[in-house]
Structures are given as C-alpha cells and as structure tokens.
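Next come structure tokens for two forms of one protein chain, structure 1 first, structure 2 second.
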Structure 1
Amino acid sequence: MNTAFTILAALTVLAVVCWPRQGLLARRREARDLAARARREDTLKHILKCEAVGRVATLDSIAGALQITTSEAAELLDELESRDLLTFESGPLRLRPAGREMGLHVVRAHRLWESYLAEQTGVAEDEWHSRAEKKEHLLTPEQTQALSARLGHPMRDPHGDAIPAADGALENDHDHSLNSVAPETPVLITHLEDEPETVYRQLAAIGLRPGMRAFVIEKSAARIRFWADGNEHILAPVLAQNVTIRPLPEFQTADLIDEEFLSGLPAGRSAHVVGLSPACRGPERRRLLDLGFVPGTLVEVELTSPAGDPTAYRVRGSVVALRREQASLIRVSSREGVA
C-alpha cells in the first residue's frame, strides 16, 4: 500500500515536471527560448534604428540598448552571424536581408500594437510602450498583417513614428527637434521619442502629444520655455531633443495663441468647434464626433454641475454633459465668421 502510494506520488511529480508542452521543464525551456529570441530581435531592431538615423551600431551601443554586458553582446553578435542575420567581418555591423526583415517586422509589430492599444483599448498611455515591447516578440508576420488591416493600415503610431510596410524600409523623419527652432516660430509636434521610457513619461506627463501646435518662447543653454496648445511648458534641452517638430509656415504665433478650448468657455457663451485635439483618440474621439462635436458646429455652455464638473453644452439642439478633461480636448473659436 505504502509502496504503491510512493510510486503514484513519484509518477505525479514526474508528470508535472516533464509533461510535454505543459510541464514545468517545458514551460521553463519555452520561456528561456522566448527570452533568447527577444534578445536577438531587440539587437536587430537596435541596429536597424541606428541605421535609419545614420548612426552605426557598435558593441557598446547594443550592450547599452539591451542592458547587457559587452561580452554578452559579443556572444549575441556571434550567434546572429552564425544564423546569417548580420555580418561584421568587413568592418561595421551590416544587416543581412533576413536580419533586416526580422528587425523590420519587430518594429512594425511594436508600432502597430501601440496603435491598437491607443485606438481600441483603454490602456493608459504610459503603458503602451512597455506592453508593445513584450508583444512585438509574440506576433507573427501574419498576425501583424491582420492587425494592420483591422486598424485600417495606419501610417503612424500614437507617438508619431511611421509604421513601416511589411516589405518597406524604416524611414527617419525626425530631423528637427524642438531645440533646433528659433523662438516665435509656429511648429507642429510630429513625434515624441518613446525611448528612453523615463524621458517619454515626462513628456507625456506634461501633456505633449504629436499633432499639437507649439512655438518656443525663449531658450537658453539650460532650459527651453515654449507654448503648446494653450499651455506654457519648460523643458531641459536634453528632454526637448526628444520632441520632433515640423515648421508651420502658414501660421503666425498670434493665430496659435488665439486658440481656445471648450473647457475655457464661460457659462452662457457659445463658440464654433474648430477640431478635436490629437490627444483625443480612439473610442473617446469617435464618441465626441458621434455627439456632434465636428468642425463648424455651434456649441453653447448651458450648465455647470453643482460639484463644478461636468459641464453641460448645447450642441445641435441637444444638451450633452462633458467632463473637464474632455472639454479641454475640443478646440473652439468664439470669434465671428469662423466656421
């Protein structure tokens, strides 16, 4: 009886540990394989990104990007070369076609997944990047393609980065940073660099988003003071370096300052909707459009809740209450003749 029980127990333990695909050993191996693949793919991604901005990836830059030691990075490069994904015999690191394709797929999967999180879920903005960092290694090219189709083949991710086509190339259009513009020049923020993440979090925390209009008020070696969609911000140049911009030659700074947002409108006043802020995305944006907050619509401030928030607006004959954060995403103009 006792022996039989012991054997049964031993068999159970053995099964739990060694069962194919479900056992502890198999799961551990799977996790290790995934981690190794993630390291390889991250290396290829790093080299590809360096290439796109015209820098050359080195052993040190790889070790820094992946947070591993240089000797580990060297081992990794050896492995990648043996898989015919890259070559570094003739001097600098070069991606082989298979390696380029793999790196491009990872970048594409990452940016598509960020778009998905932004457009179709309620995941908070500061989690997009870290979630996509994991997901990019799990999506197959077919799944990535299906995701792209489901999102309507977006061109840019929520940070403003171009999403490369499956057979395309990684382009770099981040030439001008906020540091490079002269004061009082209207610009459009086109991109916020999402790496390193701590920097991105600071940029996102002060409310910067791609698609905002901005101009520099003054700058010195230590700090740069600028205006963006109604608010003044101060950044250190090292942070401003990660804000990519495009000049807006058709605007004057006065046009920008005159912009108003629905949240700033006092009770009883009315204004025409100019548009929705780029920070308003996905379901939230569609909902506001559904309610009639489309360019040209006349909106009147009707009532404020006794608690101060939300506020009710009259739009297209119906009264709709919006919270302050939502109203601050709606650009309006109370001047006559603008529609």
Structure 2
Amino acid sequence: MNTAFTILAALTVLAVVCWPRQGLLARRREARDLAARARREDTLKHILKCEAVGRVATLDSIAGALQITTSEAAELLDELESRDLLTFESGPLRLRPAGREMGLHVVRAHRLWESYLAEQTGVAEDEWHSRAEKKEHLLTPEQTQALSARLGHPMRDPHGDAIPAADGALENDHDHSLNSVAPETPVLITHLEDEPETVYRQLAAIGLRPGMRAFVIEKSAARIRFWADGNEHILAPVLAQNVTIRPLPEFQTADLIDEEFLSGLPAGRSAHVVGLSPACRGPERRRLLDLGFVPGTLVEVELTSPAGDPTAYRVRGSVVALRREQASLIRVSSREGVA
C-alpha cells in the first residue's frame, strides 16, 4: 500500500514538473525564452528610436535602456548580429531589414496597446506604459493589425506619438519643447514623453494631455509658468523638456485665456458645448457624450450643492450631476450665436 502510494506520489510530482508545455520545467523554459526575446526586441526598439531622433545607439545607451551591464549588452549585440538583425561592421550600429521590421512591430504594438488601454478600458493612466511594455512582446503582427482595425486605425497614441504603419517607418516629429518657447506664444501640446516613467507621472498628475492649447507666461532657470486649458501650471525646465509643442499662429494669448469651461459657468447661466478636452478619455469620455455633452448642445447650470461640488446641469431635458473635475473637461461658449 505504502509502496503504491509512494510511486503514485512520485509520478504526480514528475508529471507536475516535467509535463510537456504545462509542467513547471516547460513553463520556466518558456518564461526564460520570452525574457530573452524581449531583450532582443527592446534592443532593436532602442536602436530604431535613436535613429528616429538622429542619435547613434551605443553600448552604454543600450545597457542603460535595458538596465543591464555593458558586458551583457555586448553579448546581446553579438547575438543579434549572428541572427542577421543588425550589423556594426562599418562602425555605428545599423539595423538590417529583418531587425528594422521587428523593431518597428514592437513600437507599433506598444503604441496601439496604449491606445487600447486609454480608449477601451478603465486602466489608470500611469499604468498604460508599463502594461504596454509587456504586451508589445506578446502580440503577433496579425494580432496587432486586428487591434489597429478595432481601434479605427488611430494615427497617434494617447501620448501624441505617431503610430507607424506596419510597412512604414518610425519618424520623429517632436522638434520643439515647451521650455524652448518664448513667453506669450500660443502653442498646441502635441506630445508628452512617457519615458522616464517618473517624469511622465508628474506631467499627467497636473492634467497635461496632447491636444491642449497653452502659452508660457514666464520663464526662469528654475521654473516655467504656463497656461493650459484654463489652468495655470508650473514646471521645472527639465520636466518641460518632455512636453512637445507646435505653434498656433492663428491664436492670440487672449483667445486662450478667454476659453470657457463648464466648471466656470455660474449658477443660472447657460452655454453651448464646444467640445471635450483631450484630457477626457476612454469610459469617462464616452459617458459624457452619452449624457449629451456633444458640440452644439445647450447646457444650463441647474443647481449647485451647498459644498459647491457637485453641480447639477440641465442637458437635453435631463438633469446631470457632475463633479468640478468632470465639468472642467467640457469646453463651452456662453457667447450668443456660438454653438
């Protein structure tokens, strides 16, 4: 009896450990292979991104990007060269066609997955990048194309980065940063750099998003004070460097200051919805649109709570309560004839 039990137990343990594809050894081997592939793909992605901004990837830059030693980075480059994915025969690292295709796919998968998280889920914004860093290595080209179709083939991700076509190229369109702009120059925020992650969290925490209109109020060596979508913000120059902009010559600073948001509408007043702020995304954006906050709709401040928040608004025959932070995402115009 004891012998049979011992044999059965041994066979069970053996099956758990050695079972093909499902056993512990198989799973451990699969995880090891995935980690090795992720390192290869991250290296190709790093080289591709360096090319796009006119920099040359180096052993040190790869080691820093992947958080590995220079010795490990050198071994990784040797492996990629042996796989015919890159070459450094003539000096600088250069991607071969297969390596460029693989690196482009990883970037495309990453940016599409961030777009999916932003528009289709309630995942917190500060988790988009880290989750996409993992998912980018799991999506096949076919799955990535299907995801693009599901999202309506977006051109840019939530941070403002261009999403390259499957057979396209990675281009750099982030030429000017917020701290390079002269004061009183209206600009459009086009991109927030999501690396390093700690910097991006600080930019997101104050509510900055691509698509916001802004202008610098004053600059010094210690800080940049600027206006964006109805609010004043202050950033250190090193943080402002991660905010990319383009000029808005058709606007004056007074135009931006005069922009109205539903949160600033006094009790008893009405206004027409102009649109939703780029800061409003995903489920929250869909909810506000479903409630009737679409361009041209008349909204009236019905009642303000004793504490001042939330406020009840009458829209399309219904009364809707919104918190101040939600109402601040809705652009309005109280001027007559503007709808």
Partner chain sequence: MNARETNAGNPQADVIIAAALRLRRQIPGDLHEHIVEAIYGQAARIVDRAVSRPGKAARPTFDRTLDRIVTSRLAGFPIMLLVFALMFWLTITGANVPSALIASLLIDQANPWPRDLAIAVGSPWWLTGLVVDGMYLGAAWVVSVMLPPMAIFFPLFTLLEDFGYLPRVAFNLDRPFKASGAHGKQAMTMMMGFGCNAAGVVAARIIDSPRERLIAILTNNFALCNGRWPTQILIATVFLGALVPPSLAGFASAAAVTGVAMLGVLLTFVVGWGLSRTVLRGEVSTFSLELPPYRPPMIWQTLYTSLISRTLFVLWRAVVFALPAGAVIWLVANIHFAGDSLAGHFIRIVDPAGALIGLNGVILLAYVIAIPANEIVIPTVLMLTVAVAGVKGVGAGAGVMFELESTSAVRDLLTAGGWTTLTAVNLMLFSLLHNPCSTTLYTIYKETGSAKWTAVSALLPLAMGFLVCGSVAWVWRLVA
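Owing to the predicted nature of the structure, the values given are computational and were not obtained by experimental measurement. Residue numbering: structure 1 sequence, from 1. If you superpose the two forms and keep the largest set of C-alpha atoms that fall within 1.5 Å, you have the rigid core.
Only structure 1 of the pair represents the form predicted together with the partner chain. With the core held fixed, Leu322 shows a CA shift of 2 Å or greater between structures 1 and 2. Summarising the core-aligned comparison between structures 1 and 2, the C-alpha atom of Asp309 is found to shift 3.5 Å.
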